[in-house]
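The chain below stands alone and is given in structure tokens; this is the form predicted on its own.
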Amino acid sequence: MNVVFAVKQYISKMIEDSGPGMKVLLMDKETTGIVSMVYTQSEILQKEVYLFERIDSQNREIMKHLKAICFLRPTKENVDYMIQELRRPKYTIYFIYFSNVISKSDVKSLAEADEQEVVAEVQEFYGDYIAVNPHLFSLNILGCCQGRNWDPAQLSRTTQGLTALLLSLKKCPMIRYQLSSEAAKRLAECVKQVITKEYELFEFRRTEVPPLLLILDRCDDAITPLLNQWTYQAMVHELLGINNNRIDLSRVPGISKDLREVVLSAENDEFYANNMYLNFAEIGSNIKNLMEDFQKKKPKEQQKLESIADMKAFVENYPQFKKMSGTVSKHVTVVGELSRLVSERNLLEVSEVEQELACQNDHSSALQNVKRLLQNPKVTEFDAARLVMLYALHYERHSSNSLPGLMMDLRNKGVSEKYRKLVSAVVEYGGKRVRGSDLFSPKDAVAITKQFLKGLKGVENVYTQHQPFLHETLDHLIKGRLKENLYPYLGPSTLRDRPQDIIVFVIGGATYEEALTVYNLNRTTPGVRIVLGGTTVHNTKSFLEEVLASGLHSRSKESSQVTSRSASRR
């Protein structure tokens, strides 16, 4: 179950099926992103695709010597663009691929528009999602719910994305969902409806143990997306932001022109592929090794190119050298900027207190540490608000809850009203009243013993103590212990055996920390394959935008001052 490979295969097949000759790839805004995640421009150029165009671009030239490969989402808008295109074709022949199920009436409209008979074929290729890592996909939707319920347009897009994923991996799953979330149940029902309606598409070879789709809601764990991260991919997203593998470095002091935007893709950057899940400290020493290796291979300035053989060797090695040079300068810049932000924002100290708030249960120590950091001028308003949010979520119903005092501290620090309001909004979004699970206190004797032993021997790394709640959920699922009263099956049938192929989808967005959890579970659990997806992949900034977009805060304007009292209201 590799989502990058699945999308890549679709695109390769489109290009192969169009046969030899020069081609143009015609896409829409979304499919452009889908393709760019799995193929570089130079890789596609090698397949005789010489031009990349947007279907909505008004000023495309007529080029009758080119074949057109059209890869589009089956939206009304795209079908209309395609009808206009076919009435006045700019290219010699058209191979049309829709990224999802297209209605018969739309196909009929296209056929009627094709008076010049330029369409060679119309097919459905289900690459309707963003393949981020081999085991991680996203739909790039920010703000999928209004209150606790789906925004109808986003529900439709998410259903399409999720059913396309199942079709691309050739899985017809049983479905389980988080009972405490109305949105999870609704999505489960919509996916089931599509599977029932399009049953012929979902007729795959039956496996002994059917695959399982588990639908969860971000509200159940609002802690994970609020934490600072210390593994490379997650840290880059948290501090710099990754958007379809691209990182904007234009704000970096003294940045050179060619490094204002860089691409980090494990598909064609070996250093990134080998280091994306490693801790920041390890990255530092690996960058040093990369630099040393680069220095050894660097052509000597005084190297004399005396013979033809010398020149030939230099020219042959130059592309590799240039590529390595690009990789080195890119990673040195990225790691340098991460390092600058860590010291400028005092993130080691901030992160240590975040981990204490997420993993320990000592209220007075946590409160003292948060208060101390709020007095520190190096701590930004963003990080200050984040600490208070974590405190508010963890100690929401604690008898000595001191949230009103911390809110005053935020005001005195000069933290803007936008961030202060977000504290109550986050509690409204993912507080005790909403959660179907108990995020903080260990549930059973085994967990209590584990926590006690962990406390005794200390932790190997104070910055990475936290395990996302997803880890426990998947662990129970793999062992056949996930409670049906909390995560029921949709429909009458249940799974007798332990699941082997698991697709987890998080409404409201997954995180790179959860992707790391899935990566580790895939590595350490033989016979189990897990793919994680979300409406988006969050860092703290985008998660807070998600909370704002849900509109829950507007109902609780005054509650930031009364959270400690509201605890008794059910």
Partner chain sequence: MASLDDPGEVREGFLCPLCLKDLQSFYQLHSHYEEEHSGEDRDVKGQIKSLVQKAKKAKDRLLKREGDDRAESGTQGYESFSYRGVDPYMWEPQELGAVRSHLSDFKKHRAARIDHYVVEVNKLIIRLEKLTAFDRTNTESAKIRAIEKSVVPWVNDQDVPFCPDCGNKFSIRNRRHHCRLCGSIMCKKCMELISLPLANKLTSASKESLSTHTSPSQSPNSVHGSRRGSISSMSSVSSVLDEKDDDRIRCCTHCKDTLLKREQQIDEKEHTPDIVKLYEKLRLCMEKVDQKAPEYIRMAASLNAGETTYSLEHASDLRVEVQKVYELIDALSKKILTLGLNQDPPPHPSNLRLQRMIRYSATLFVQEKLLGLMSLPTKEQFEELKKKRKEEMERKRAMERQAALESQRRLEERQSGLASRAANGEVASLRRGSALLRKAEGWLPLSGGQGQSEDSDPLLQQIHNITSFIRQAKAAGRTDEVRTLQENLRQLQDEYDQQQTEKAIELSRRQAEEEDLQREQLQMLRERELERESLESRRQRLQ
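In this text, all values refer to a predicted model and were calculated from it rather than measured experimentally. Residue numbers count along the first chain shown, from 1.
Quick note: we don't show the form predicted in complex with the partner chain, though the next part is all about it.
At the 4.5 Å threshold, heavy atoms of Pro74 stay clear of the partner chain in the model of the complex, well away from it. By the criterion of a heavy atom within 4.5 Å, His135 is counted among the residues contacting the partner chain in the model of the complex. None of the heavy atoms of Gly551 is located within 4.5 Å of the partner chain in the model of the complex. In the model of the complex, the partner chain sits within 4.5 Å of a heavy atom of Gln116. The stretch in contact with the partner chain in the model of the complex, judged by heavy atoms within 4.5 Å, is 107-115, chosen from 282-290, 107-115, 464-472, 393-401.
By the 4.5 Å heavy atom rule, the three marked residues Glu61, Leu66 and Glu198 all count as contacting the partner chain in the model of the complex. The partner is absent here; in the model of the complex, the one residue of Leu367, Met276, Cys219, Ala358 having a heavy atom within 4.5 Å of the partner chain is Met276.
The contact with the partner chain in the model of the complex, taken as any heavy atom within 4.5 Å, belongs to Tyr126 out of Tyr429, Tyr126, Trp230, Phe271. Of all the residues from 511-528, those having a non-hydrogen atom no more than 4.5 Å from the partner chain in the model of the complex are Tyr519, Asn522, Arg523, Thr524, Thr525, Pro526.
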